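This document opens with one chain alone, in structure tokens, the form predicted on its own.
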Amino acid sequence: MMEVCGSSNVTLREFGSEQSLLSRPDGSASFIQGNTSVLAAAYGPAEVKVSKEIYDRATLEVLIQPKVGLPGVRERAQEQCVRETCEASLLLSLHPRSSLTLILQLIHDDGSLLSCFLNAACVALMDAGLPMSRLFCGVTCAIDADGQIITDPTAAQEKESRALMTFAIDATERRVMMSSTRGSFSVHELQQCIAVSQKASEKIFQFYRDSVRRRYSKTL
């Protein structure tokens, strides 16, 4: 089942999600933002290698697979952003000396890729039924040459922008859990982008709720 959401005040591309696509992972989901598409698979809790074992919590590993070729520096940086966000959300202390693995496969990149990775990760973790203290979502903002803020930019808009920012927003207090920025911008522009991202997150969290509600109402 595909759910699609538009926008009213804050401009977001249409997005959709489908859960439990794969049979082998404990949880899986696709997430689409415009033409950007990502597939996520969550595994665990499972046995962990002794070298990676942590005595008081689970070990979380995030792997990003590009569309072609091997992961590079960009993927490693994105992995760190997603891992830090998930670690702040998951109740890892409930599964000490175990392993959680999240694999994100890029299907198509047309901008706002890191936020799409974050959204796919959150939906996959929900599908896996892993205990979480809060949900989160990712929102990307671009600042063009005229100083205008573009939410959920396409790849072409990213290329023409002078600054690009991605924020992970939590669902309870709309706080920024993680930020990734590049380009030149002022403190005021950063604050504006955070405010816009917090506003945009309301639409994504509502989409989460609607998607889960419709999915389980059909299975009952």
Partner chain sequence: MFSGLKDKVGEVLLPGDEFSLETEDTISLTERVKPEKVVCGPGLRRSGDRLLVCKSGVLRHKQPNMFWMDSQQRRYVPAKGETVIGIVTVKSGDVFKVDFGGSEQASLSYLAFEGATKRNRPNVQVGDLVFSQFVVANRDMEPELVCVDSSGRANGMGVFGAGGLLFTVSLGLARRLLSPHSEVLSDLQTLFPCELVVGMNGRLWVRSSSVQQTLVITNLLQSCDTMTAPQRQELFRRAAQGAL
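Positions refer to the first chain, counted from 1. The shown structure was predicted, so the numbers you read here are calculated from the model rather than taken from an experiment.
Only in words, not in the display: the form predicted in complex with the partner chain, which the text now covers.
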Checklist entry - Out of C81, L106, M132, I149, which one falls within 4.5 Å of the partner chain in the model of the complex, going by heavy atoms? => result M132
Item to check | Option touching the partner chain, based on a heavy atom within 4.5 Å in the model of the complex, out of T172, Q191, Q65, T181 | outcome: T172
Next on the checklist: Can you work out whether E160 and the partner chain are in contact in the model of the complex, taking contact to mean some heavy atom pair no more than 4.5 Å apart?
Outcome noted: no
Checklist entry - Are any of the heavy atoms in G16 no more than 4.5 Å from a heavy atom of the partner chain in the model of the complex? => result no
Checklist entry - Is P96 one of the residues lying within 4.5 Å of the partner chain in the model of the complex, judged by heavy atom distances? => result yes
Checklist entry - Can any non-hydrogen atom of V212 be found within 4.5 angstroms of the partner chain in the model of the complex? => result yes
Item to check | Among 25-33, 191-199, 66-74, 160-168, the region lying within 4.5 Å of the partner chain in the model of the complex by heavy atom distance | outcome: 25-33
Checklist entry - For 26-54: residues with a non-hydrogen atom within 4.5 angstroms of the partner chain in the model of the complex? => result D26, G44, P45, A46, E47
